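Below, in structure tokens: the form predicted on its own, a single chain.
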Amino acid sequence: MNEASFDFGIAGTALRARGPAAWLTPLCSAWTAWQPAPESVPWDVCLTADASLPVPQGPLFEATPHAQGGVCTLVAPGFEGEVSAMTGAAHLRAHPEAGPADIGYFLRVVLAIQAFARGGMLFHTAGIVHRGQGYAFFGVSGSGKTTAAHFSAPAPVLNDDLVLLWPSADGWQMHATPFGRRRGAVRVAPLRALLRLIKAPDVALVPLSAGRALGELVANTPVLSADPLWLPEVLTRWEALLSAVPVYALHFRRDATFWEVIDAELG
């Protein structure tokens, strides 16, 4: 296989991936808008095609990350990956029949770990920009993130599945990622509120207790909950964010009336 490399980054993250061109060229084309800041020091991501591994039985996305002591592993038929937060390096060996989507998922895991090491967090949420402010709609699969994005049209959607939360001098910001569906050209917005989605016949915005909010926010923080070593800092990070950003339970139905309630409460 011909070799290739490309740099990828969001906010203060930066990855430099090297490996087979058949894997990286499609990602480089699809993610060309996400370039790391010039001052960011990239983590090296080495990708190796290894025909001695078994043929993949499914996508790498189905593999569960396991972490211990700051080292995260992803192992499945056809894949052996490792990410070290201590060394700032990652390596994935994969059968040649693996595809760009598998490599993209591995890079997503690496970015989640690097973002956390540098002060940010990848968050499983729909990030919607309304009146210049960012709103994070979160919840378990099926809670309505994509629905909320649909009924918010034509408002920009940073991503309907994963956004990057990043601290700044003016507070927390919500950054777009290429890991799901987007709408519009907006790439970043100040985080105004966290909204836990609950499908209901009547629309209401109810303050969420800190205890319940922490549990649900941690559950929607991918990769990091895999290592008990990271959990105390994950909780500390969310507690700091909750001291600056309000969190609510948003009871909503399949229309855009939830924005009327949000505007009445948050302006």
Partner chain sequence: MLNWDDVLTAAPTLVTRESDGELVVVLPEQGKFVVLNATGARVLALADGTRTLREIADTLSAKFGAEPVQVAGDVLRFAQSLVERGALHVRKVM
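Note that the structure is a prediction, hence the values are computed from the model and not measured. Numbering follows the first chain given and starts at 1.
In what follows, reference is made to the form predicted in complex with the partner chain, a form of this protein that is not presented.
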(request) Kindly indicate whether Gly211, Leu214 and Val218 are, all three, within 4.5 angstroms of the partner chain in the predicted bound form, using heavy atoms. (result) yes
(message) Can you tell me if Asp44 lies within 4.5 angstroms of the partner chain in the predicted bound form, counting non-hydrogen atoms only?
(response) no
(message) Although the partner isn't part of this model, could you tell me whether Ala226 comes within 4.5 Å of the partner chain in the predicted bound form, counting any heavy atom of the residue?
(response) yes
(request) Using the partner position in the predicted bound form, report whether Leu231 sits within 4.5 Å of the partner chain, counting heavy atoms only. (result) yes
(request) Determine whether any heavy atom of Cys28 comes within 4.5 Å of a heavy atom of the partner chain in the predicted bound form, and answer yes or no. (result) no
(request) Sort through 53-61, 33-41, 235-243, 198-206 and report the only stretch with a non-hydrogen atom within 4.5 Å of the partner chain in the predicted bound form. (result) 235-243
